[in-house]
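One chain follows as structure tokens, the form predicted on its own.
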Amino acid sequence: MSKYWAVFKTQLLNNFAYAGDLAAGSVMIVLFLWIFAQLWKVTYSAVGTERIAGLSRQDTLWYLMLAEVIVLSKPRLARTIAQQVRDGSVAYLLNKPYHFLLYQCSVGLGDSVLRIVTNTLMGGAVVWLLVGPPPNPQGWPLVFVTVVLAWLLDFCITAMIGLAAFITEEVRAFEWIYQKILFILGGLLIPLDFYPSWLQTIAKATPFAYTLYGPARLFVEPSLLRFGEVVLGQVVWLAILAGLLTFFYQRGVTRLAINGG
């Protein structure tokens, strides 16, 4: 694993050279959270209650902050793989003395670390100013574990979308569909607690809920019981998706058509 650790460190150091660009990119999360704050302020006022489905306005904003951090910090892996197929550089990557998927995972993780830090600092500062301090810090180590597993789940899904480029070359449509699924079943825009019970049951049974809703809900209501439920679901889905990813990779390589250089 030393080679992948070296790739991760190299990518992380490269991103340090562009820390200003990362900070500028975090302006997006500031804009999103300010808009969310105004929308949920009106919503809670219209309902005339301090809590909806067990969540206060403060809980909802902190939930949305972490969900946005996870989404905005992940790399555009599917587009990266598709571009490598179109320009032919994937041929060089496949011939290197490392596993293609583990290499992509190391590079993506190196890209994500600083984004997570900057987005958390910027987004957290905005929500703190708007609705007050974050939830109990004692639960943060548990949340960190679920965020790492959520990142791996997203990696498996986006890598499978990227591998579709081995056959179709273009994957933006698939990526767009995945993003919209995260909006609804992942609980990116609205916590799943606010959904009708039948839709909650469906959403919470999918890997998308464990990518966003699970970590974000644990963040605002930390407990060992909820942590165990989230991690168990993440591990089960990670095993399933990792198996599917390996299968599609093995099949995709045999059907890959190299273009470009």
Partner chain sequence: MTSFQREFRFLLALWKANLLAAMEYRGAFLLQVVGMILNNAIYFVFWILFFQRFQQVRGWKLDDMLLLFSVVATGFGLATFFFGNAVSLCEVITEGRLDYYLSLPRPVLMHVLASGSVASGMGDFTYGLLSFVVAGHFGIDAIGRFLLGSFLAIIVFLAVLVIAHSTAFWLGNANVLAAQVTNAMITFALYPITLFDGTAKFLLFTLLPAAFVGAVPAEFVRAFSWRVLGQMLGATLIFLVLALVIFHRGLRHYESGSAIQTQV
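Numbering follows the first chain given and starts at 1. Owing to the predicted nature of the structure, the values given are computational and were not obtained by experimental measurement.
A second form of this protein, the form predicted in complex with its partner chain, is not displayed here; the remarks below concern that form.
Novice: Since the partner isn't included here, can you check whether its partner chain sits close to all of 74, 98 and 244 in the predicted complex (heavy atom within 4.5 Å for each)?
Specialist: None of them does, since no heavy atom lies within 4.5 Å of the partner.
Novice: Based on heavy atom distances of at most 4.5 Å to its partner chain in the predicted complex, which listed stretch, 217 to 225, 48 to 56, 204 to 212, 230 to 238, is the contact stretch?
Specialist: Selected range: 48 to 56.
Novice: Looking at 116, 184, 102, 167 here, can you tell me which has any non-hydrogen atom within 4.5 angstroms of its partner chain in the predicted complex?
Specialist: Comparing distances to its partner chain in the predicted complex, the residue within 4.5 Å is 184.
Novice: Heavy atom to heavy atom, is residue 190 within 4.5 Å of its partner chain in the predicted complex?
Specialist: Although its partner chain is absent here, residue 190 would touch it in the predicted complex, with heavy atoms inside 4.5 Å.
Novice: Look up in the predicted complex whether residue 253 has a non-hydrogen atom within 4.5 angstroms of its partner chain, and give yes or no.
Specialist: Close contact is absent here: in the predicted complex, residue 253 is far from its partner chain, nothing within 4.5 Å, heavy atoms only.
Novice: In the predicted complex, is there a heavy atom of its partner chain that lies within 4.5 Å of any heavy atom of residue 92, even though the partner is absent here?
Specialist: So residue 92 does not count as contacting its partner chain.
Novice: Do residue 174 and its partner chain share at least one heavy atom pair within 4.5 Å in the predicted complex?
Specialist: Flag for residue 174 set to yes.
Novice: Going by its partner chain in the predicted complex, which residues of 189 to 217 come within 4.5 Å of it through any heavy atom?
Specialist: Contacting residues: 189, 190, 193, 194, 195, 196, 199.
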